[in-house]
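A single chain comes next, written as structure tokens; it is the form predicted alone.
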Amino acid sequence: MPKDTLPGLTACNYAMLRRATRKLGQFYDDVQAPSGLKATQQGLLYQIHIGGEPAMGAIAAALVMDLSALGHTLKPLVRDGFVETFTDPDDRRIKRVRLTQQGRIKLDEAMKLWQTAQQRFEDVVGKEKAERLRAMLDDISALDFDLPTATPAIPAKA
């Protein structure tokens, strides 16, 4: 454990995961900086690319995000001309998203940088350990943490 880790921090799963997430987020953002994208934006462009013209709800579910957070993340990508949203022609209640030509070019640029970040991470952590980490995180993302509904306390009769 590094010297700058606060006592008690290592006992909390959430705190340690957030700490590691911030560290990796900073690293991937730094590597992505020449593309003008944040790592989260690169990841979203990639999800849209592999999904074809996915429904926004499907992307949000896959990324474990709510629709408003997805909309917030999409806004600069739409503004910069990398992504466009459109209404599903078969079901007007569904909003879909796709990459523009400019978005495909930007994704190609960002994926080269992402590959550099991935390789550096695996060089530092080890390929097998990185694979195990991704598998464990995927398993955790699939868990159901819903709490049972609390029953209201019934006051004792006097």
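From 1 onward, residues are counted along the sequence shown. For clarity, every value in this text was computed on a predicted model and none was experimentally measured.
Below: the form predicted together with the DNA, not depicted.
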Given that the DNA is left out here, which of L133, M111, A55, I105 has a heavy atom within 4.5 Å of it in the predicted complex? A55
For the interface check, one of 90-98, 124-132, 111-119, 45-53 should have non-hydrogen atoms within 4.5 Å of the DNA in the predicted complex; which one? 90-98
Looking in the predicted complex, any heavy atom of A69 within 4.5 Å of the DNA? yes
Taking the DNA as it sits in the predicted complex, is M65 in contact with it (heavy atom to heavy atom, 4.5 Å or less)? yes
Answer yes if any heavy atom of G81 is within 4.5 Å of a heavy atom of the DNA in the predicted complex; otherwise answer no. no
Is Q32 close to the DNA in the predicted complex, meaning a heavy atom pair under 4.5 Å apart or at it? no
Looking at the DNA in the predicted complex, which residues in 13-44 have at least one heavy atom within 4.5 Å of it? R18, R22, Q26, K38, T40, Q41
